[in-house]
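Listed next as structure tokens is one chain, alone, in the form predicted on its own.
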Amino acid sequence: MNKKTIIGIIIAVIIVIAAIVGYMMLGNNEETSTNRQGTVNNSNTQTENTTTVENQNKTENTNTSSNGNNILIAYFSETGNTEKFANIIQGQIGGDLFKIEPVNPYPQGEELFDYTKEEQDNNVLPEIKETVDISKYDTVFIGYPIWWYEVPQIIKTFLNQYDLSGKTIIPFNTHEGSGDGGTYEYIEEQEPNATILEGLPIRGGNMESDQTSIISNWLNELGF
């Protein structure tokens, strides 16, 4: 075997070895790239799943706070002003309306003043005409007009009749100059095991005009 042949064989061997090494390196690079891509895909999938769960939770929380399924709007209204108030609340946040009415209707006109004053002086608690399953509700709005600087006696009947422990109570009222008349503190005293949120008094005469924005702002501040 001459010298040229030997050199040719050596060169051929080197070329084969270089080809094998190159192929192995290419395979490793492709595998690394594939692994990296898999990692990225898994990361994206986890992010998408996390986002989906977060969005689902947000949707569930929004539904819980806005569908009104656990909200009762109980109110007593003799002239209709507090009833308008209650209807606006329901229009804003949903919930069930419960009109508190006495078994024996109140007299009309000026006779109502003497009647309700005597009722208050003698601490008469008029019987409520209808009942409601209070256990269905977590949040209870209680609305009424101010009578003789206090809650009407029928509201006292309502507070005595139903166990509101553990519930969130939100008072609202109409008045003709006395604001809430200290009635929110009275409700808090009567319901020490409930959570009492900030109420809203509106002058009865103002209910003749649109009070939606005022009531809406109040509800927003309360988190509805």
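All residue numbers are counted from 1 along the displayed sequence. Owing to the predicted nature of the structure, the values given are computational and were not obtained by experimental measurement.
Form predicted in complex with a small molecule: not shown, discussed below.
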Which of 79 to 87, 121 to 129, 134 to 142, 93 to 101 lines the interface with the small molecule in the model of the complex (heavy atom within 4.5 Å): 79 to 87
Partner proximity in the model of the complex: T116 to the small molecule, non-hydrogen atom cutoff 4.5 Å: yes
Touches the small molecule in the model of the complex: T183 (any heavy atom, 4.5 Å): no
P201: touches the small molecule in the model of the complex, heavy atom cutoff 4.5 angstroms: no
Non-hydrogen atom contact I73 with the small molecule in the model of the complex at 4.5 angstroms: no
Selected contact from S178, Q190, T168, T157, since only one has a non-hydrogen atom within 4.5 angstroms of the small molecule in the model of the complex: S178
